[in-house]
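We begin with a single chain expressed as structure tokens, specifically the form predicted alone.
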């Protein structure tokens, strides 16, 4: 099947993914308030949304997601074709493309970048391109990807951050004995081909990006994107402070607006309060290992995990925290994720059933346990406080441990936690990513929880090469049936992305996959 950008799609690409309906001003620096800082700006070895949602502005991929997060459009490649047997992908590179340092993007850079992304054990995201067997250049300069097996998700996988095209010679010239050390050095001042390039980073405070003068996409005025001279990210973990600085005009935009403040900001004549469609889910990750910190762990018992779910009034939390804009989860994956098989809310509130399950598990008198909460985050504090009250009715004492994002991430990755509040958004229009991260144990032990199901692992591996849509649908339905019932989660809600922008800002979007797209953003004068 051959896929080529249509005339309408090409027009959309000219303005970075959405057709402009306004006379676009050029210049200016947009200042954007973030809830937490990035950690590591390498597209292959990162493991956090605070990195992922920045990477698309620094690096380009062969293909790009569409604004609705469901499709694929041209990126550094203008054409792509999958062979009839599903074993080869051929792509045509865009003419004249360059990295932000002015050096040309060669076929060798593409080959090296894709091989690095697919290298076993090179970052947790390698499973997205694990089918890649080899990457070569055709006689006509095309890129030819040979697969070890048919992969139904290979095309959307080429839109994901870990397949970003990087400058091979510059990366390999970095100091270090291995890829990880070179990546650490490279990520201190990364070079890509995205709409912006790295300028400076004061960790925990400010990151500055400036326009890439060599970016390939054109604006609605026939000149290269981006319109902005730069984007400055200010790290402001406290929600109230972030909003105050937005209202005072110090910020042009701010992410993760607490839902309790949405109505207020909608009424502010100086602001545009947006609720962007998303694949975002909110949940509690449970460490299910037999022991945590040398003590027996009640969460290792599936009946305890089910009891906590039944003791959670999701509808009440949705009203308290999201002001009613959220909806209960029907699966561990969002309703917008392809092949979601959920038919109704998971574990409807039933306090009596929760108490009964705790008694059956040997915890008739309950137990005490800790929950990691992001300090300064109003929504997480609201969720945690509600859970504390709800679970107390079932005899479970919940201790709230407020920590910064870096600390929580470190505890989470090392398995030194009991529970943590978490949020997820898909990066690909396919269920393979979230399933590998949440349920397939070899990737990261199911959200670093220690949960494992041999049946789920086997089904997931089969699904990765299954080209029959009906069979693949059935595989994912069974995976969800098992993981939803037994998995290491308390299921909370799905919700949109709440982003507030100054009225001066035009053209910015956050797509359902989470990416913050600044390439067609502008500031009116």
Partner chain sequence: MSLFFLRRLIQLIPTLAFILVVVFVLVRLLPGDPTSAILGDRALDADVARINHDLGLDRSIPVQFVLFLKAVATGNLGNSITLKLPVTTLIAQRLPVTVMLTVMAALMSLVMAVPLAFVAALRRDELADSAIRGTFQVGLSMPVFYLGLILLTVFGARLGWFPVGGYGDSFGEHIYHLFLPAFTLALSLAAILMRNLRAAIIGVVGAEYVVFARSKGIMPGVILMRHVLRSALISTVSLFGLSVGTLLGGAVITETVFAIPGAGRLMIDSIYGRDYPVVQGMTMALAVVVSLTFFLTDVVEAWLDPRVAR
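Numbering follows the first chain given and starts at 1. Given the structure is predicted, the values throughout are model-derived calculations rather than measurements. In this text, rigid core is short for the largest set of C-alphas that superpose within 1.5 Å between two forms.
One more form of this protein exists, namely the form predicted together with the partner chain; it is left out here, but the text below deals with it.
With respect to the partner chain in the predicted complex, the three residues 107, 136 and 221 uniformly fall beyond 4.5 angstroms at the level of their nearest heavy atom. Among heavy atoms of residue 420, some come within 4.5 Å of the partner chain in the predicted complex. Remark: residue 303 does not count among the residues lining the partner chain in the predicted complex, judged by a heavy atom distance of 4.5 Å or less. At a distance threshold of 4.5 angstroms between non-hydrogen atoms, residue 203 is in contact with the partner chain in the predicted complex. The shortest heavy atom separation between residue 340 and the partner chain in the predicted complex exceeds 4.5 Å.
Picking from 341-349, 205-213, 381-389, 360-368 the stretch near the partner chain in the predicted complex, with a 4.5 Å limit on heavy atoms, gives 205-213. Just one of 259, 437, 99, 196 comes within 4.5 Å of the partner chain in the predicted complex, counting any heavy atom, and that one is 437. Taking a 4.5 Å heavy atom cutoff to the partner chain in the predicted complex, the contact residue among 451, 233, 424, 186 is 424. Looking at 222-245, the residues that come within 4.5 Å of the partner chain in the predicted complex, counting any heavy atom, are 235, 236, 237, 238, 240, 241, 244, 245. Relative to the superposed rigid core, the position of the CA of residue 410 differs between this form and the one not shown by 2 Å or more. Put the two forms on the same core and the Cα of residue 289 is off by 2 Å or more between this form and the one not shown.
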